[in-house]
Structures are given as C-alpha cells and as structure tokens.
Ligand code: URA
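Next up is one chain by itself, shown in structure tokens, the form predicted on its own.
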C-alpha cells in the first residue's frame, strides 16, 4: 500500500534536511559531533569538513554568517580567516569580548569553484540553506542568546525573511517569529575587505557602530 501523501511529503522533507541527524537533548559538543557526519546536501562532497559553530553554550550574543570560507574549511573552525580577523578587531573596538560570543554560519560547508589553483567562494543556494537550517535552529535552542546578529544578506534573509534588506535596515532590532532573541543585521566583514581603500575605513567604522549598538543593548 502506498503511504499517505502527507506522510510521504514529510519524509521527503526530512531526508532533504539535517533534521534526522539532530540529537535529542542537544549540547553544542553533541551537535558538533553529529554535524561532522552530515550529508543533507551535496556540499559535504565539496567542502573538506563540516565547520560548525563555536563559543560558550550560554553566550549572550550569537553572530551568524553565510558559510565557512577557504581558511575555515581547511582549519575546521568558523571565522578564522581574514574576515574573522577583521571581526575580532571590530568586536574589540565595540568592547565585546570574542570569548563571550558564539559564532556560526547558516551553511556549515564551504561552497566554492576552482579558479586556477584557487578556491573561490560561491554563494550557497536556498536548498543548501534549507538543508542546514535544523543545525542553526538547534544552536539557537541551546545557546539561547539575548541578541542574534546576522552578518550579511544571506544570513539576514535566511533568518528574518527573504524580503529583508541589510542596506535599508542594518543596525535595527527586529522581531522574528520563533526566535526569542533580539535580531539585528549588519554587513559581513568580508564585504569590508572587498571595499576600496577610499571607503574601507568608513565601512569599518559603520560596522563597529552596529556592534556597539549590540553591546549597549546588553548593557540595558
């Protein structure tokens, strides 16, 4: 007998996301271990390894980017490449301790394309974001941050909705259904690295201002 259509749809959706891999009563170490075996989308064939989030389980701030980059893919840790170093400087300027922040990405594998001997970033597709979303939901449930900061358009639209525009609403706090934390968005630090010499300092200053707003919200 064929299974009911609704059950078939639910089973198909589960197979196409990481949901079946999320452990019961998760902790960050349990999630990291489970995600290391994730094959929910084809990016596990492209990335060298899963790059899961890191930081205190009860961090007050969670920073969410798009996906790991080349350096992160090699080392297996989030935000350890050039963009991560810039993020470290910005957090310091905003008087937020990196050790008090949980950092992660919407997508946990590096999507890239070859350009000679280089591996160049390629934006993840919606299917990759959907497949990985159960990991992010589990991280949010465990960490339960006071403030969730989306770094860049991909993270912002994955969390706050596809119509959200960072250029129009950066630095604002918005309510997102299903998320208890205050949610805000700013640019991804990689965009500052790509800015020309004339605009880079101004872009960095604006980024620090956004993070300073986050710190002030924590101070009450």
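Residue numbers count along the first chain shown, from 1. Everything numeric in this text was worked out from a predicted model, so none of it was measured.
Form predicted together with the named molecule: not shown, discussed below.
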Exercise. Only one of 83, 143, 91, 129 comes within 4.5 Å of the named molecule in the predicted bound form by heavy atoms, so just point that one out.
Key: 83
Quiz item: Quick one: does residue 79 come within 4.5 Å of the named molecule in the predicted bound form, counting heavy atoms only?
Solution: yes
Quiz prompt | in the predicted bound form, residue 139 touching the named molecule (heavy atom, 4.5 Å) | solution = no
Practice problem: Indicate whether residue 186 is a 4.5 Å heavy atom neighbour of the named molecule in the predicted bound form. | Solution: no
Self-check item: Distance check, residue 67 to the named molecule in the predicted bound form, heavy atom within 4.5 Å
Solution: yes
Exercise. With the named molecule left out here, work out from 39-47, 160-168, 24-32, 58-66 which stretch has heavy atoms within 4.5 Å of it in the predicted bound form.
Key: 58-66
Quiz item: Does any residue in 98-113 get within 4.5 Å of the named molecule in the predicted bound form, counting heavy atoms only, and if so which ones?
Solution: 105
